[in-house]
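Just the one chain here, laid out as structure tokens, in the form predicted alone.
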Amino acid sequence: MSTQTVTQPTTKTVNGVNVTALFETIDAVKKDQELAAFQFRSNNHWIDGGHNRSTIQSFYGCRNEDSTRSEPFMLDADEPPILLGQDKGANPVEFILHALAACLTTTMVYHAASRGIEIEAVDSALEGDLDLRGFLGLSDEVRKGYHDIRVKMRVKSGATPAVLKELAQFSPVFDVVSRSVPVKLEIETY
């Protein structure tokens, strides 16, 4: 009678991230760079006044349309009453702060996990300064959007703030917000 030892593959998890799968993904992208091409999508429908709703469901990645999301994510946006809205959702510039905080956090946690750096907690406070004169068309010298964003992250970890900041700055949203990206706007009537 012969006995064979079967070894189960071990999955290493750090910060809730499956590091084994993360490194397998990195290796796959190194071997085939076309796997890195992703396209994320959002559809939006105006409801009334400042109230509109975005649906987010499908995306393309790793040469395939994703089919894992059976239900779309629904995100309502509106304006506070002082900006003539009904406050039925965060306003769009507040969503930018949310997206930035979420992406900085996720990015830091994933990159820390890949280096074996444990993180116990992350809390962020963001502030963005905006001058309505740009949006209202009252001044060509004032930006329409934020002219300054401040992010303060409190991280419980043995890593230094400098290392954690370096890791967070791999964030795609940080890149989009801090360096801007060309946006092609097309409008048609029906």
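Note that residue numbering begins at 1 and tracks the sequence as displayed. All values derive from a computational prediction rather than experimental measurement.
There is another form of this protein, the form predicted in complex with a further copy of the same chain, and it is not shown here; the text below is about that form.
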Contact of Ser180 with a further copy of the same chain in the predicted bound form (heavy atom, 4.5 Å): yes
How about Pro81: is it within 4.5 Å of a further copy of the same chain in the predicted bound form, going by heavy atoms? yes
Stretch 104-140: residues contacting a further copy of the same chain in the predicted bound form, 4.5 Å heavy atom cut-off: Leu104, Thr105, Thr106, Thr107, Met108, Val109, Tyr110, His111, Ile119, Glu120, Ala121, Val122, Asp123, Ser124, Ala125, Leu126, Glu127, Gly128, Asp129, Leu130, Asp131, Leu132, Arg133, Gly134, Phe135, Leu136, Gly137, Leu138
